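In the block that follows, a single chain appears as structure tokens, in the form predicted on its own.
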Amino acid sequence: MALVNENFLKLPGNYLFSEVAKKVTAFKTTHPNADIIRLGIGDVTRPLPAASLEAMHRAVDELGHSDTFHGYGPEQGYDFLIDTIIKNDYAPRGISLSPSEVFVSDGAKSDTGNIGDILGHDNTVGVTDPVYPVYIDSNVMAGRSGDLLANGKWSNITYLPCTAENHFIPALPAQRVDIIYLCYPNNPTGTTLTRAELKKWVDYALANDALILYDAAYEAYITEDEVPHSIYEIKGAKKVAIEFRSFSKTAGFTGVRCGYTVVPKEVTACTEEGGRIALNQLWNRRQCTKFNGTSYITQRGAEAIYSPEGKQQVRETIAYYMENARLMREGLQAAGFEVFGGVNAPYIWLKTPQGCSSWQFFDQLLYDVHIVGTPGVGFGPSGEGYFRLTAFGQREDTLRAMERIAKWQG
């Protein structure tokens, strides 16, 4: 008799964004003529950089000739992309990496979800709250979470609240944890940590033999000098941190799928007998077994992002989204909302009106002004009373949305 992994049965019935989609579909059924502006899911709308398109077309042509054809590639990624990543993303910041420490993948979501494959089930886990749902759900699936309590928290997970009251700066755990998830610039709040604040976490990990899983998918949106782009800018971080990066929001690769994970050879974890094992070798073994590598065409497209033309095109795209963020931030503030984020990230995090829950505000925004956002409580208990909007829409839709909200609140 085949048995299921019963940890999956503990998960809530729907993934957050599936629940949002379900509600929007129901609304569309009863309001077929409604003009809905979607500012909920963080999917991009701008086209791929021209440099990437040209490189991908060349790569397709290469696959049409036997002398330039590429079949299976390295599971870790092609050297041409890995070397380019190190040269452009890390070397200018004084960070030294070897090619074998960089693993190209199909995106940060996959890697943040799959990294638990190489970590023991008995590890204690700490997450900032609110948090990207994949961090929690993947640990539920692996059996690390315990049980879901009435307050919306999992019994074996340590929650580190990030709210307006503490300026969205999480406090160090009161009790020791083995694994810590950090995402900066943060999804969903759009807030950041300074170097001094991030150093506290690296120091904690060094002192407590903990592992930091650092999601830097939005680092390209950072505008303020005191905000680090990589955790490896902090001394000692290469001993205790794995970093995840993505081309999805940087260069519009949400539908193309490409990212990478850095696993320094210095990062180790313990066996039950007390020995130390390098996580780099375990992640390499995992990828070689479960992943066949990102396509050659995709990797050529990602490489082109780092060309002079590609860099300029990416900067223009990011500037477009951040101008959307500015318009949203200022428009919502003018409408009387308390707003956070939108300076170093393409997310706007706002407080719902007093006495209005996240889902109630979702319904009001959908039914009254036909705008879709994401309820903050969907990202964790500390997200209750907040709401996320994304700046990834078209400029026209962004302006129309702010006009509707201004009239609605006026």
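Numbering starts at 1 and runs along the sequence shown. Worth saying up front: this structure is predicted, and the values here are computed from it rather than measured.
There is another form of the same protein, the form predicted in complex with a small molecule; it is not shown, and what comes next is about it.
Interface residue remark: residue 238 is not counted as part of the site for the small molecule in the predicted complex, having no heavy atom within 4.5 Å. Shown alone here, residue 299 lies farther than 4.5 Å from the small molecule in the predicted complex, counting heavy atoms only. In the predicted complex, no heavy atom of residue 211 sits within 4.5 Å of the small molecule. The small molecule is not shown here, but in the predicted complex it comes within 4.5 Å of a heavy atom of residue 109. Stretch 179 to 187 is the contacting one of 305 to 313, 80 to 88, 67 to 75, 179 to 187, since its residues have non-hydrogen atoms within 4.5 Å of the small molecule in the predicted complex. Between the small molecule and the residues 221, 159, 132, 201, the one pair within 4.5 Å by heavy atoms in the predicted complex involves 132. When the small molecule is considered in the predicted complex, only one residue from 248, 128, 324, 191 comes within 4.5 Å through any heavy atom, namely 248.
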